[in-house]
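We begin with a single chain expressed as structure tokens, specifically the form predicted alone.
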């Protein structure tokens, strides 16, 4: 218990006195996961909407692959990305292994199936007659999709929370493609693992508390938006 209390105390001191390295690690965590989530939304929402509204040969296979991706271990994704970006890999010419860009790519692959699947489910749960009513009123296909997404905005906000939560808390892929390089690719999760391996349990607990506060703050903002939207 003493270690836990010391960790809480250290987390408070690090935040109050503004430790430069801690703020840098926290900021990088937020930037990498935020960009990965945003790009996943740009791909996953249109893809999920398309799958929810379309019927074609091979659709069930594609949906099954997406659902399988939701449960894929991050370390496996990290392995695939690191091999692809290795100097002798197919994308080695990009020279982005052990950079924040590589971490963003890995996190996109982790969050994309989650956001796509949530979107697909949200669109499928809408009343099928709603689509016909919108088209009957003269709306174009783009307008119809926009209106359906607006109708499904509550579960779509849940998709954002799930996608962000999956990437901000993962560690395996980040270490494999980022390398946990101090001042360059070290984020909160990899820093926690590193400090724990050194036996610096108090600092590891402090970093864990900072991570939990960060996740809570982001989800609190999204929940407020979600609940306010629900009341309307």
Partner chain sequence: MIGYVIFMKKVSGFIGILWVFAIGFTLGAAQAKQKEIILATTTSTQDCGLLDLLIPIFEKKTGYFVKTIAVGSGQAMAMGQRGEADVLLVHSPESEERFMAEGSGINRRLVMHNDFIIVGTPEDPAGIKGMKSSSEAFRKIAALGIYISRGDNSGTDVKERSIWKAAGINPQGQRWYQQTGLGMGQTLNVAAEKRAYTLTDRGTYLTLQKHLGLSILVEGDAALANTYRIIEVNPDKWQKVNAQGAKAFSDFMVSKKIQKIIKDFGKDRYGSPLFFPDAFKDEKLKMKN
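Here the structure is a predicted model, which means the values were calculated and not measured. Residue numbers count along the first chain shown, from 1. In this text, the rigid core denotes the largest set of C-alpha atoms whose superposition between the two forms falls within 1.5 Å.
The form predicted in complex with the partner chain is left out here; the points below concern that form.
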(message) Quick check on residue 197: any heavy atom within 4.5 Å of the partner chain in the predicted bound form?
(response) yes
(request) Please run the contact check for residue 184 against the partner chain in the predicted bound form: heavy atoms, 4.5 angstroms, yes or no? (result) yes
(message) Contact with the partner chain in the predicted bound form for residue 28, defined as at least one heavy atom pair within 4.5 Å: yes or no?
(response) yes
(message) in the predicted bound form, is there a heavy atom of the partner chain that lies within 4.5 Å of any heavy atom of residue 121, even though the partner is absent here?
(response) no
(request) Determine which one of 165-173, 184-192, 62-70, 46-54 lies within 4.5 Å of the partner chain in the predicted bound form, judging by heavy atom distances; exactly one does. (result) 184-192
(request) Pull the contact list for 99-114: residues with a heavy atom within 4.5 Å of the partner chain in the predicted bound form, in sequence order. (result) 99, 100, 101
(request) Compare the position of the CA of residue 76 between the shown form and the other one after a rigid core fit and state whether the shift reaches 2 Å. (result) no
